[in-house]
Structures are given as C-alpha cells and as structure tokens.
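Okay, here we've got a single chain as structure tokens, the form predicted on its own, with questions on binding and movement later.
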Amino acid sequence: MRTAAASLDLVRPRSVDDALRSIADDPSLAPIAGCTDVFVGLNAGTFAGTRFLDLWPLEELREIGIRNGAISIGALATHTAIQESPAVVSRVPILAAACREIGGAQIQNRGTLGGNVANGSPAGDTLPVLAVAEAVVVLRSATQERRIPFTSFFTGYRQTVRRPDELIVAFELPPLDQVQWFRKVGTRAAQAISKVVMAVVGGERPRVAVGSVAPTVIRCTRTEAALAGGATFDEASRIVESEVQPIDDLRSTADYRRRVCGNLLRRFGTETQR
C-alpha cells in the first residue's frame, strides 16, 4: 500500500549544524537528499519512516576537493557532479565510471554518493570502488566527528555503524596511483540493477571488491593475497569464485554470479597486464 504524503513530516534545516541539532533532538528523523530510493519505498509502502530530515539544500555537503592529499567528496555530491569532477576523473576514474552506471541522467542528477552508501544495498555500484579505494566515511553528530574505514562501515544487509544522531557528511579517498578497473554486469547495457559489480586495484598490493554477491559489498582478501603472492589470474579467478557468497534471486542465480566473478577477474588480467 502506498504511503499517504499527508501523513509525513518534513524538517528542512538551514545548515549542517542545524541538521545535526535536529537529528540529536529527534533521532527518528530519516535523513533524505535525492530521494531516488526513498520515493520508490514510499510508493510501494515499504518505507517505515514518517519523519524526514531534508538535506538537499545544504550546499556545503556537495563540495569535492583535495584535502591533505586525499580527495574529499561531500555526501551530497551527485553522481553527475562526481563524473564531472577533474579531481575524481584524474585520481579515481573508476568512481566516475561507477557513477555513469547508476540509472539514467535523471537519477544521476538527483542521486548522491552519500545516499548510495547509506541505502546499504549490496548492489550499489559505487560501493566496490569505495572499498578498493580504502575510503573513509566521515560521520558527524552535534558533539563529535568520527572517521570509519569504508570496509568497517557495513555490519549486515542494509545495516551500518551510523548512529541515529549522526549524518554521513563526506568520504575521504587517499591517493590511488595503481591501475584501476571497474565493471558492472546487468540485464541490459544501461539502467539495470547489477547482477555482479567488481572493482579492482592492481600493483604490489592488489585489492578486489565485489557487490551483489553477499549481504554487503565484500573485499576478497583471499583472492588479494593470492595475487600478491604471484598466483596467475586463472588461479585467482577460481579463488574469487569460492570466496563470494551469492544467492539465487529474481535477477540471477548464485552459480552464474560465481562464474561472472571469475570471468571478470580474468578480464582484468587480460586488459591490464599487456
């Protein structure tokens, strides 16, 4: 059953500090921004919240820049803004590539990086990139700021370490000079939820992360160790197939997802080890 709009309350803060005070006073407030997922849930009647904190007007959370050598991306940076950012394109091109795969132009103009992460879907296209980039999630409350390694942010399916009185305000990505690679496999070429999404960073300390194959995005640490130890990509591909934990669902089968993970890692080797 659809949620009646008349039953919803909307709080519109004038600043980040105002937003933090509001959520401290009423932790039941659900932070919203682009609403590309919230509207779907409200229409389907599956979103339980009735009180919302509208962050969309807070321009200070849209900033993208370099701070202390790392790229800082505000939580409200849209997927379009990330694609168009010279800092992102030059330093983390796989993040721009992932943002190009998220829905159509309308979704990319409204959807935010913070929303993609906070939503917690294991199929989120930017999540494997943030995992291999070893990003840090910046959380802020009215009284303190916390920096959480991205790989420690999710605790389960759509569950995170964010407290009800905290907001995601930014992401910090350290310098990334190694070869980068991103691929998404979906039902069609565009505007499809991923069946498998993979990001890889090469070099002496390889990093491999995969989405849509477990309750949360995962770093494939056994695969990474094998590659670092000199394993061939055929050997590493067999390891990654055993390391992921896919399920059968409406979009695909577990067996297909395993085979795709192996094939993607082989493709990474073919395309980057020439």
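None of the values given here were measured: they were computed from a predicted structure. Just count from 1 along the sequence shown to find any residue number.
If you look for the form predicted together with a small molecule, you will not find it shown, but the lines that follow are about it.
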Is I239 one of the residues lying within 4.5 Å of the small molecule in the predicted bound form, judged by heavy atom distances?
no
Any chance N119 has a heavy atom within 4.5 Å of the small molecule in the predicted bound form?
yes
Heavy atom of L167 within 4.5 Å of the small molecule in the predicted bound form
yes
Applying a 4.5 Å heavy atom distance criterion, does T112 contact the small molecule in the predicted bound form?
yes
If we take heavy atoms and a 4.5 Å cut-off, which stretch out of 65-73, 24-32, 202-210, 230-238 is in contact with the small molecule in the predicted bound form?
24-32
I need to confirm a contact call. Of A81, A123, A96, V185, which residue comes within 4.5 Å of the small molecule in the predicted bound form, counting heavy atoms only?
A123
